[in-house]
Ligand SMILES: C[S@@+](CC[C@H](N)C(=O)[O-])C[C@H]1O[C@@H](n2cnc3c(N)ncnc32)[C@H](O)[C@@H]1O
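In structure tokens, one chain follows: the form predicted alone.
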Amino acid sequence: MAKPRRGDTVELVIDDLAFGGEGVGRASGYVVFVRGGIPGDRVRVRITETRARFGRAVIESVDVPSPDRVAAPCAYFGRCGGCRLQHVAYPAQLALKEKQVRDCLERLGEVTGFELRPILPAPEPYGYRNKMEFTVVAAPGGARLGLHEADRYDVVLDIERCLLQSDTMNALLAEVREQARGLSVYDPDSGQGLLRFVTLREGRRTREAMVNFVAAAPDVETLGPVAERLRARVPETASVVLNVNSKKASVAVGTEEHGLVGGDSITERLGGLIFHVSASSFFQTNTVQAERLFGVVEAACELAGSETVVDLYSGTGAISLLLARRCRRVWGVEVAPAAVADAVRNAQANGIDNCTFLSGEVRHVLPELVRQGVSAEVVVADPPRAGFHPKALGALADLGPARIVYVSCNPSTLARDVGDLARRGYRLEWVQPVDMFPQTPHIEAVARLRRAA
């Protein structure tokens, strides 16, 4: 293996796409990851990093473009860290994601013999997001409001319009930017200043919009008039709230919340039910594809009406409430108290009384349910990107449901957990990829496992 040196210029043929969106090429057998490379490209690259087993490079020129290469429509593409696949034709994005799901399961999870169903494409490859989080930083001439530059957490691009969100959310973004010019911006070094983040949410079916200011202090006096102006200029604004994060940690989550305009939540309709979504709770960010995803989950559960279902990582209760109409009882487990409160409120709003929502980490709550003698025929799990904690996975195996329906946003951890469950007596029957996030490398998938006889 001839290993190139940092600064070398080499020619590569990109023959694969890594999980995360980087192209993969080989220089005399040495693996090189190339940001912006597409399978089928012949490129000239400059090596920027070398390690024992792989290196990284940037494109100097695309000598022969892949037939799947297209012009990216966004003015920020290549600089913004959000979308990494806008330069890939949408059918090719789908094929690459489907392949990555299979590769992860077979290579990392060492599972075979399952059915990989064709990926479900998104009917809206752009404008599909119902939630966006923007960082606020001080800049000459006023605050800069936008998204982080690719691979840089210290640089924020001033985004005027994001193609992944709706016209309503872009109108709100423009108004927030205008209002932010007169506000102080938090400085992490000195600890002075007010505004830190702005999160926008929208009920795609109800057209209700929310603005969530994350600030360093509960300065309702300053932000209250701003909220009134936002509602006056963008009539869809149903809620403006202030979350306070006075800590050094740069996170868009507060320890206390204050209402500025409207209620503390917006509503969304999904699967014939209505959902209240508050500022700090989780709700799927692609409403249209979420409805299709939940339909896959519901079919995978094979409910006859008499079953008890445990819904792990239940969020605001969307899956729990959709399944509750077809089973005897549902237990939902969710770590975020705000999401649990929303789930309880959503159950009441829809007249559903056979759901019990518990707040706490799955690794603690699920073993307690097992000790209490709770049994379930079906478990649905939608864990975060890190997948199951080992203790939670052990408790799931102890519960021993006949069927497990695993909703994953990370094929790598899905493969790890499915491999573990296979060793504990479960068989992976099928996997259904769903493209929840077009233009990005992220992949959602539903896996159905059955306990071996």
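Start at 1 with the first residue shown and count on from there. Here the structure is a predicted model, which means the values were calculated and not measured.
Heads up, the form predicted together with the named molecule isn't pictured, but that's what we're talking about next.
Exercise. Can you pick the one in 197, 114, 282, 77 that has a heavy atom within 4.5 Å of the named molecule in the predicted complex?
Worked result: The residue in contact is 282.
For this session: Would you kindly say which of 336, 327, 216, 260 lies with a heavy atom within 4.5 Å of the named molecule in the predicted complex?
Result: By the 4.5 Å criterion, the partner-contacting residue is 336.
Problem set entry | Contact of residue 362 with the named molecule in the predicted complex (heavy atom, 4.5 Å) | Residue 362: yes, in contact with the named molecule in the predicted complex.
Exercise. Quick one: does residue 254 come within 4.5 Å of the named molecule in the predicted complex, counting heavy atoms only?
Worked result: Heavy-atom contact with the named molecule at 4.5 Å: absent for residue 254.
Problem set entry | the named molecule contact at residue 342 in the predicted complex, heavy atom, 4.5 Å | Looking in the predicted complex, residue contacts with the named molecule do not include residue 342, since no heavy atom lies within 4.5 Å.
Exercise. Using heavy atoms and a 4.5 Å limit, would one call residue 313 a contact residue for the named molecule in the predicted complex?
Worked result: Residue 313: yes, in contact with the named molecule in the predicted complex.
Exercise. Of the listed stretches (282-290, 156-164, 185-193, 367-375), which one has a non-hydrogen atom within 4.5 Å of the named molecule in the predicted complex?
Worked result: That would be 282-290.
Problem set entry | Sequence-ordered residues of 368-407 touching the named molecule in the predicted complex, heavy atom within 4.5 Å | Sequence-ordered list: 382, 383, 384.
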